[in-house]
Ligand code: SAM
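Next up: just one chain, as structure tokens, the form predicted on its own.
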């Protein structure tokens, strides 16, 4: 019998330790160990990797990651109430689970992990997008991680994988797809969680590319994309006019019509436009 089978059911763990989910912490606990194991498997082969998990709560996904063979899991949990439950899991998997009672937004985890590193998490809704953008824009590339397997609100997941011409297409799609491959691998209904959120959820798997899909300076690309999507209903000649007095000529030079709007411009075209500011 595996260690995960020797641990008590998650509902019992929550009752024992008084772990009612707190809205202020963005908590929605996933209690079905079949689902948590499925999420762990979506991250690929874990046996040779360190895994970073943010917001483990009572440890459902943590148990899945360890049962699926993760070399070591670093679980970062802000809510001190969850620590006793996580320590029970650590005892069942000696030497393979480290628990840190910190705010993930304020913690540098790189010194605590050894490559290869995968990040797998049911992210708290209130910090999920911010953490993702930090991981996708670490200041140097390739990043410290090789893949991200993350749960978001379905709406956020769709923004990550969106294509030009869709309402979901925007800055997050550009950031995600410029230097990585991203796809939705699971969809979960509200009733899978305790308490049930008001929205559907989805798991996105992101694999880092060795180099960006198209050449561009990261800071310039971000500035161009931000200006374009901050006024996405405007034509590009208007939304980007603050970047350069000759913006119409720059747009035409890379094959973009000045009357186009941001949501119709491809990643490759945005990168080409960004390169005109490097000259």
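Residue numbers count along the first chain shown, from 1. Treat the numbers as computed from the prediction; the structure is a model and nothing was measured.
The same protein also exists as the form predicted together with the ligand; that form is not shown, yet it is the one meant from here on.
Among heavy atoms of residue 182, none comes within 4.5 Å of the ligand in the predicted bound form. Residue contact check for residue 108: none of its heavy atoms lie within 4.5 Å of the ligand in the predicted bound form. For residue 79, a non-hydrogen atom is located within 4.5 Å of the ligand in the predicted bound form, even though that partner is not displayed. The ligand in the predicted bound form is approached by residue 103, whose closest heavy atom lies within 4.5 angstroms of it.
Comment: 29 to 37 is the region of 29 to 37, 43 to 51, 212 to 220, 247 to 255 lying near the ligand in the predicted bound form, near meaning a non-hydrogen atom within 4.5 Å. Residue in contact with the ligand in the predicted bound form (any heavy atom within 4.5 Å), chosen from 132, 123, 113, 172: 123. In the predicted bound form, not one residue of 231 to 250 has a heavy atom within 4.5 Å of the ligand.
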